[in-house]
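A single chain, nothing else alongside it, follows as structure tokens in the form predicted alone.
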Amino acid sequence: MKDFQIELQTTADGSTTLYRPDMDEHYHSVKGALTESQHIFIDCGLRHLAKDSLRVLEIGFGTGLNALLSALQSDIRQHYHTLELYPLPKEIIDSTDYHKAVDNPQAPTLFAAIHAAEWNKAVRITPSFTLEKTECDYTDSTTLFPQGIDVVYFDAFAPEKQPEMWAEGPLRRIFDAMNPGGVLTTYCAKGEIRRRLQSIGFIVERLAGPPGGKREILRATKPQL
């Protein structure tokens, strides 16, 4: 892991997030980490497609909150790929409270299993949820993307902090890896990013943000053939 300082902070909905002083960036919205992830990635992404079997690609594994919330959607069979350049150490993961904040008795067991899963290998966490965590640089043109993706959780740090993550090249590779009709959701609603996604070929819509949080988010859909 790259050597940088991380601080634990409590967000408005009572769940925690991590803060990187070197970038002045939080891993989740300070308006509510759990509320944000549920709205943007589960409600507007995973469940929007209304399918019973999906391949998910997450850009930025981070704390594993999005993976936990996805694994709890047990009525949807998922192969969940996540790409992360700097996996967090166990002591930082253990300091978060997501397994307690999520109102589901399965959350603690699932959260532990998700983080115990070996990297760079497909691991069956539950009968309906297979996790594949890959330690890699998503922006590297030699990184192999999984194919046949239905849902993309784009959860990188903000474009002004990590512009390379939002560059046209990597985003185009995501587009190419997706199935027709697949969706990408992100908290970022900046006009520059919306126009870039459109220029790549996505149909982009602005949606209401999470309760108490950002006013708008983006959902980008790859057109049907």
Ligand SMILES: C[S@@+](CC[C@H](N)C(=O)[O-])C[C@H]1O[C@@H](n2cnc3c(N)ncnc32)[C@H](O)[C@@H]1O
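All residue numbers refer to positions in the sequence shown, first residue = 1. Remember, predicted model here, so these are calculated numbers, not experimental data.
Below, we refer to the form predicted in complex with this ligand, which is not included among the displayed structures.
- Interface residue remark: residue 155 is counted as part of the site for this ligand in the predicted complex, having a heavy atom within 4.5 Å.
- At a distance threshold of 4.5 angstroms between non-hydrogen atoms, residue 83 is in contact with this ligand in the predicted complex.
- Looking at residue 66, you'd find a heavy atom of it within 4.5 angstroms of this ligand in the predicted complex.
- The shortest heavy atom separation between residue 123 and this ligand in the predicted complex exceeds 4.5 Å.
- Stretch 159-167 is the contacting one of 188-196, 43-51, 172-180, 159-167, since its residues have non-hydrogen atoms within 4.5 Å of this ligand in the predicted complex.
- With the partner omitted from this view, the residue of 130, 139, 106, 73 that lies near this ligand in the predicted complex is 139 [heavy atom within 4.5 Å].
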